[in-house]
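Read the single chain below, which is given as structure tokens and is the form predicted alone.
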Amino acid sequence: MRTLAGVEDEEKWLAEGIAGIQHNAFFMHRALDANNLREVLKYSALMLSELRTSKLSPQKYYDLYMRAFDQLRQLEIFFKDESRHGLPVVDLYELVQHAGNILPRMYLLCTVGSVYIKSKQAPSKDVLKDLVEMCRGVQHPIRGLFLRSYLAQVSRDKLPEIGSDYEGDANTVIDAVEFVLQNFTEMNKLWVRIQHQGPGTVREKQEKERNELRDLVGKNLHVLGQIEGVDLEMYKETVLPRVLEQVVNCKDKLAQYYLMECIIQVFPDEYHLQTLEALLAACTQLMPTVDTKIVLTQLMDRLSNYAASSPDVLHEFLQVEAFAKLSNAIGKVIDTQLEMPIVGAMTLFVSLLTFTLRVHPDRLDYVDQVLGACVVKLSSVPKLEDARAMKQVVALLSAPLEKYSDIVTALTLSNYPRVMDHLDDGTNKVMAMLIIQSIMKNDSCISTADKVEVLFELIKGLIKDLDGTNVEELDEEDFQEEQNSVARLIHMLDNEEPEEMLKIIYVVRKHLMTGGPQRLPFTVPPLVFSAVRLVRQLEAQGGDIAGEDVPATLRKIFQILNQTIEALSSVPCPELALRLYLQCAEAASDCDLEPVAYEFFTQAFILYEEEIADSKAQVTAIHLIVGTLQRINVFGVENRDTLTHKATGYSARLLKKPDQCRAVYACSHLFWVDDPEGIKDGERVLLCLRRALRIANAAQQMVNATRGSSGPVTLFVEILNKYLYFFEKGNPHITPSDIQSLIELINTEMLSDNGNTTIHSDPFFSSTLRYIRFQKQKGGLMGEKYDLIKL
């Protein structure tokens, strides 16, 4: 049993060992120079006796071993030259076996054995077999491992593999494989035995030391992977069964994990594919404490990369039924390893899905099968709370999106939404955002109501409050980003068939109406515009379309629009609702549906009267109403008079005089539409402008009363520009004298402003006057009209 000591003691023992090697190496070299074989063997045996120590850790023992190894290389050169020592290599091989201690004897025997094989005086397989058998004489784990490592090293270039100098009638590649397998088996037994050395209190230290030694064992598998002549048949019939037998039977967690990892990394991918069943069977027989998920994940990654390397190999996967075997093996591992954490199972499913998407991208049933197995596992857990497992589930759900670049494909997977149901609310939103980003990135169009239904079930975490969540607790910036993403998504839902598009609108509306007051202002507008787009599409196709399920009629769509905007106006969000009502009114006008357009205007006026109280919002709303009404030409005389009367009345009742003035002169456009069929009531235009002028004059007087000066003349100049506009359009009630009087009024107001004697100092007014002069100089009919205005 190797004694336990502190670092200082170990350093001292190492120094003593190195000193012993150097001392005896000095006399060995002197004997080499003198070609004194007896002295060479004596001092080399004494030098190698330093490796008999049990006091050093593997790392320190390696340092000592390398000092001796350097000397053995000099010794091998001496043994090769028979003229120096005078003995045939056969006799030398017998002679070194008389060394007193087993460890120096075996090192010398391996060194001479290497020379013996190279001399070809005996079949290499006999010498190798003799050496590997005699090495059993050293059963101390660390000393035995390093001895066998030395044997593997000196024999590597002397194996009878195909193409080597040692291949012949008596030597075949099978002999080389047999030698390496036997050496591997013995080394693995020694390596595993270390864990049974010493009391249980030092188990952690032993595990660390075993980790340091594992490469000595693994090198044998590397050699097996490099031997020329190990074809698939030999690998399947001889190599793999022997290696797996050792792996399974050793019953050691560290050895099983490391050796399975070596097998996967060392041997070719095509070998793994053809022996997949044996590999997977071994995985299911590993100790429960072995992290099998990493082993299986590495195997699937290797096979996935192999499949991606060339399309020509894909048929091999089908021949061996790789997916079915992997799926069954993973199921067995998850079922038998009851203590496997949920994150381990999810990692396996992610690897299996990645493998499936690479090897069988066209088999959606395979993809759905993996997702279904994931659902079964998740259903066995009361609640998924492990953040790492949640991350793996997100990776599982993201894989099909990345592979297919088309959410439509993912929507056909029946188990996809069932997996999402197991995510917590926060992760559900993250996944929903990933889905929307995938749609935006790939410019995917969702064109059927059924797929829209599935999609909105997937992103329900964004469009309604899930159980136990409160919108008020969410970060406002994040919430806005989420809802804007949903709004963009709605624009990606489209179908050229009006009947199907109407079904889509019904589905979207059903989901959006559950969103609550905070979400509707974001999600209702895109829905309204989608419906309006459908209205214009129907109008372009000649009107209503009678479908089998849901007839796409204009009135039905406008009813949906009215109900949808009504829900928004009750949020309350009156300014947005008013804008949408006006959009719908304009669409109804384009469809020549006067009663519908009138109803939308009525709703807009009701909102204005009852809900919009802020003065700035009222100003904006009035200008929107006036602008929309001016563009609409569907109304008869009675309805138009009613609406224009309302608009001008509300304009005159705004709080601030400047706002009143601007709204009233804007109403003048309601009575003069620059269109061949548009209304042209010049008298009412003049009435509006005169009314605006009176309001501007009142505003000027109020400023004069409160500030002691008449203030700027901007309102008068704006009205002057309206006069000029209608004058140019040919309104007979706007005369040059009216314009000239207004110019004189503005000049008077400017002169009276604090006794200012500079006329035309207002830039807006100066620009207007320059425009009048330009028109005068321009000539023609317009120039003649403007000549009547005297400046």
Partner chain sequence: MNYLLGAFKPACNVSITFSDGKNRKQVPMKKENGQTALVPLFHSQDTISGKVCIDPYQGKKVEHNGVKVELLGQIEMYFDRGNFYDFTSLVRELDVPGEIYERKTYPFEFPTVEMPYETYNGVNVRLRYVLKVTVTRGYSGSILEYQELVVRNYAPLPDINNSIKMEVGIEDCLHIEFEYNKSKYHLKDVILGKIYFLLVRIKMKNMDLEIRRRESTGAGANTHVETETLAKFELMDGTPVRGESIPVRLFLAPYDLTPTHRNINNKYSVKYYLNLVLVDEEDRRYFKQQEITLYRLKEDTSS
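What you are looking at is a predicted structure, and each value in this text was computed from that prediction instead of being measured. Residue numbers count along the first chain shown, from 1.
There is another form of this protein, the form predicted together with the partner chain, and it is not shown here; the text below is about that form.
Of the stretches 593-601, 176-184, 132-140, 154-162, only 132-140 has residues with a heavy atom within 4.5 Å of the partner chain in the predicted complex.
Within 4.5 Å of any heavy atom of the partner chain in the predicted complex lies no heavy atom of Lys657. At a distance threshold of 4.5 angstroms between non-hydrogen atoms, Ile102 is in contact with the partner chain in the predicted complex. Within 4.5 Å of any heavy atom of the partner chain in the predicted complex lies no heavy atom of Arg30.
Using a 4.5 angstroms limit between non-hydrogen atoms, Lys729 is distant from the partner chain in the predicted complex. The single contact residue among Arg653, Lys616, Lys383, His196, judged by any heavy atom lying within 4.5 Å of the partner chain in the predicted complex, is His196. Interface residue among Lys251, His98, Arg73, Lys510, judged by heavy atoms within 4.5 Å of the partner chain in the predicted complex: His98. Candidate site formed by Arg52, Glu94 and Lys189: every one of these residues places a non-hydrogen atom within 4.5 angstroms of the partner chain in the predicted complex.
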